[in-house]
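Two forms of a single protein chain come next, each set out by itself as structure tokens; they are called structure 1 and structure 2.
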Structure 1
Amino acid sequence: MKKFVLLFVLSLVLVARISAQEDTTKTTAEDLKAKIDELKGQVEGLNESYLETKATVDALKKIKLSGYIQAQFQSAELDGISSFSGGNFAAGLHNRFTIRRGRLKVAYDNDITNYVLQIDATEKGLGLKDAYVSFKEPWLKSFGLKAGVFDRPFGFEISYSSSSREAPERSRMYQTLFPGERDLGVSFEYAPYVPYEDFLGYFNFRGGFFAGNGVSVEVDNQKDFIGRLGFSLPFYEENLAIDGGVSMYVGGVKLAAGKSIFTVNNPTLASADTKTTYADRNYLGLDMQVYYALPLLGNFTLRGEYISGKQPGGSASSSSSPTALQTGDLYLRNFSGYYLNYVQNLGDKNQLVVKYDVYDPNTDVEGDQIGALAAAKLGAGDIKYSTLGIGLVHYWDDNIKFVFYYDSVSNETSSKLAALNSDLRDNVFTFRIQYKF
């Protein structure tokens, strides 16, 4: 009987324990399910939060901020020289610190539509560089339109960013013909959106109508046409690229009432025209860039441009393109100019730069003919210049680069011009630090 009771009690205990275990198992499974549901909810919440964040980030990614600062020290041969190496030196100064460029660019890139605003802030003040809208048609994505203030579509050197350019400044020819590089207007662009290595993809065109005064207010009713037909030929197997283009400028500069257009192409007498309303401003340009790798030395590029045409200057002492309404006589000259620029990589971090540029503002006269006779109306604005620049660029990291550069400037001389009867001492050394982001 005792055994039976003991067995009964043990059975009860066992049943109770099994039941308790079942309860515990049940509770554990329920707990787990609850925890999984909770985690699932948290993951879904996180996923929703991620999608919201992603949408915000995607929207913010369209806003692009970039810029660069070029701080530099320059030393010239003499005090107060005129220079195209970053502007004239002030009277009494032959060395200087300057912020050559302090750019900040904001762009909103919505794939086929774009907004761009760029300013230049230096110790000299604040200036507008770019302010334009651009868009591409959504079907072929090959045709685009741009309106506002932006780079003139002419040649290579204008559109080659100052932050990327190895030599500190553009050639004298470009600084004279296109001061400030930009202009106010509208341009049409054709850049075929075609499959990889499609023949059509090697060509492009940009051209449009501009005010013709640079980044200044409009001063006349005539619009200038500027355009470039370009090509870019890649030879992948040879690691060779040949780019180039043909550019054209067809425009004019308005003559003030009662003033004359002097065609200064004769060493004895300049012809005067008082009837024509606009003096011709016509250029034709050719440019080419070759990229190749030399055995042992590595990659190099050789760039060259040639421009010739008619240029109306505002005085006998200057052939620069006008940037405001002209109130005096105009001096119409046939000009030509070119540059050759060789850049040799020295490893990944260094580049050797050699640049030679020539600008002859008046190809019809030379030497002592300039300034000989008052009736010829020839002066300092007709003197030919050549510049040999040599330098080294060092890329410290992705953002910083150093430029050491020396410009050796030679000028045509005329015994009839007191200030230009010998080669001027106007060479300039530049040391520049650039930060770009």
Structure 2
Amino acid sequence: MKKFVLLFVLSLVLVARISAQEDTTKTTAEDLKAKIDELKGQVEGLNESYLETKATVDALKKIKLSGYIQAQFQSAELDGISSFSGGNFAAGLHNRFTIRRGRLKVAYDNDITNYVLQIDATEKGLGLKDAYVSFKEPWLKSFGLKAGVFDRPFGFEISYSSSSREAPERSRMYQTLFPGERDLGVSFEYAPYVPYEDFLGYFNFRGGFFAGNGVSVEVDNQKDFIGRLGFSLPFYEENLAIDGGVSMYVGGVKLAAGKSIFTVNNPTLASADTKTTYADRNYLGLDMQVYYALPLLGNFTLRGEYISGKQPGGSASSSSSPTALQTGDLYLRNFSGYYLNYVQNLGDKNQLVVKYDVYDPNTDVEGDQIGALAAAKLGAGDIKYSTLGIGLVHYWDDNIKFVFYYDSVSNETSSKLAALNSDLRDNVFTFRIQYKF
């Protein structure tokens, strides 16, 4: 009997232990499955986080931030002179410190689409320089469209960045005809994705329609056409490259009601037109750039441009292109201008710069013909100017460069104009430090 009872008890203990082991095994399997599910969730969470981070990084890689600051000191011959070397000097001043340009540019480059916004911050305030969208077709990636505020597609000097240009300022001709360089409009562009592959690969084109008064708001219904057909010829074996182009501007400036358009190309009398709604604004330009490596001195660049046409100015004292709606008479002149710019590398860090530019706002008159007769409407706006600039550029490193430059300005004289009966003392020396990133 005792044996039977002992055997029964052992059986119960064994059954209990087996049941306990089964429960433990079941619990362990469930825990393991839960842990695996938790691990899978963590992995999937990490993967989602990685994908989100990758998408953010990929988007940030398309954003390009760049800019430059040009801090400078200038000294002129006399107080308060008018100048194209960075603007007029204030009354009583013949030297000054300025921030000539303080640019910050944000671009989003999505391969065939682009967004660009650039501002200019100086001691004078904050201004808009560029704000445009552009895109290319996805097949050849050679044809594109640009709309907004951007460089006028005319000649070479407008589109050549102020941060790269060796001379401190653009020529008097360009500052007069295209103040501010930018305009509001739309442009069609062709640039070969693979250059020199065929005949068309040597050419490029930019052209479109613009407001005609710079970055200011629209002031009339007139839309001006601006365009340039360019070419690029590389001669690799000769270490030579030649670029160039032909540019055209076809537009007009609106005449205010009750005002006249004076054609001031007659030294005897100006002809007045009160019936025409717009004064013609037509330019034709030629430009060429030669790049060559001299055997001993090193690389040099020779650039030149010539522009002629009809220019409507807003006064007898200036031939500058209007940037706002005109309320007075217009003065229509035949003009011409050109510049030659020679840049010689001196080693790896220095450049010698020699630039000569001429702007004649009225090619039909000269000297004492200007101001001889009040009815002829001829004045300071018809005076011819030439400027010889000589400078040295030193590149401290990839970011900083120093510019030492002297502008020697000569003007046409007329004994009939008291303020211009001799050469003005308006030469300017510029010392500039530029930081670019």
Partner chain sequence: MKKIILLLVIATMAFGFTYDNKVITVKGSDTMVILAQRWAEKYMESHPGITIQVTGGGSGIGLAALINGSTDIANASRPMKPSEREKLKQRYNSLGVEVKTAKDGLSVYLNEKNSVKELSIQQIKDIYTGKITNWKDVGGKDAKIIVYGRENSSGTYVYFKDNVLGGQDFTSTMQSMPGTSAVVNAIVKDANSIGFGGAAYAKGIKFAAVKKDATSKAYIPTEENIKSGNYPITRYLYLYLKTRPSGEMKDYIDWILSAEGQSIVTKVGYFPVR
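Residue numbering: structure 1 sequence, from 1. Take the two forms, find the largest set of C-alpha atoms that superpose within 1.5 Å, and that set is the rigid core. If you're wondering where the values come from, they're calculated on a predicted model, not measured in any experiment.
The form predicted on its own corresponds to structure 2, not structure 1. Residue displacement note: residue 397 has its CA displaced by under 2 Å between the two structures (rigid core superposed). Relative to the superposed rigid core, residue 374 undergoes a CA displacement smaller than 2 Å between the two structures. Superposed on the core, the two forms barely differ at residue 63: its CA moves less than 2 Å between the two structures.
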